[in-house]
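Just one chain is shown here, as structure tokens, and it is the form predicted alone.
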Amino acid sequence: MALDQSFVGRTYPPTVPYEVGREKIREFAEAVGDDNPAYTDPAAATALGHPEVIAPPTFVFAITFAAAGQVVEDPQLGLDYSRVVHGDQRFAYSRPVRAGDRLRVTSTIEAIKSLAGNDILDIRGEVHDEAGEHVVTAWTKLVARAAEGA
């Protein structure tokens, strides 16, 4: 069953703040194999003009994807998450994510399309710090595969 087009433009409430920690940044950088010292060494980050260690660019995926859960779990949308695969991800930064940031994400459904029986859902996550400053926008594309035989 195709997703309801009337959900396009729907914005969900901001998430509770996520506090970015140095250790989480270090763990993420290690997990993705990025040894940039700006991710682990405050002196290296400062030398590059940052007030604190910064996170690798894809670090916010975990935060924005969790926030997209509000969309995915909306019973009125009717998305069958058991059939969902991650289709695409992109980011547009105003500034790097830094240790100590307290970030909130507001998710909006940007588009819903049907293609060959598959539902394609585009979700935009706007990430702001606790002062309200824009940090990054993340776009997530989810594809709900058509049921077999559909």
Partner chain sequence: MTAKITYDEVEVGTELPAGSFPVTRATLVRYAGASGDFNPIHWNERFAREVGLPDVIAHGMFTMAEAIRVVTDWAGDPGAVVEYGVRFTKPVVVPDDETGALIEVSAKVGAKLDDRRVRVDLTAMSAGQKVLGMSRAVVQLA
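Positions refer to the first chain, counted from 1. All values derive from a computational prediction rather than experimental measurement.
Beyond what is shown, the protein has a form predicted in complex with the partner chain; the following relates to that form.
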| query | finding |
| --- | --- |
| Among the candidates N36, T106, N118, Q70, the residue which, in the predicted bound form, approaches the partner chain to within 4.5 Å (heavy atoms) | N36 |
| Site test, L77, G125 and A146 vs the partner chain in the predicted bound form, non-hydrogen atom cutoff 4.5 Å | no |
| Residue contact check: K113 to the partner chain in the predicted bound form, 4.5 Å heavy atom | no |
| Contact label in the predicted bound form: K24 to the partner chain, heavy atom within 4.5 Å | yes |
| In the predicted bound form, P42 touching the partner chain (heavy atom, 4.5 Å) | no |
| 4.5 Å heavy atom contact, G87 and the partner chain in the predicted bound form | yes |
| The partner chain in the predicted bound form - contacting residues of 50 to 67, heavy atom within 4.5 Å | H50, I54, P57, T58, F61, A62 |
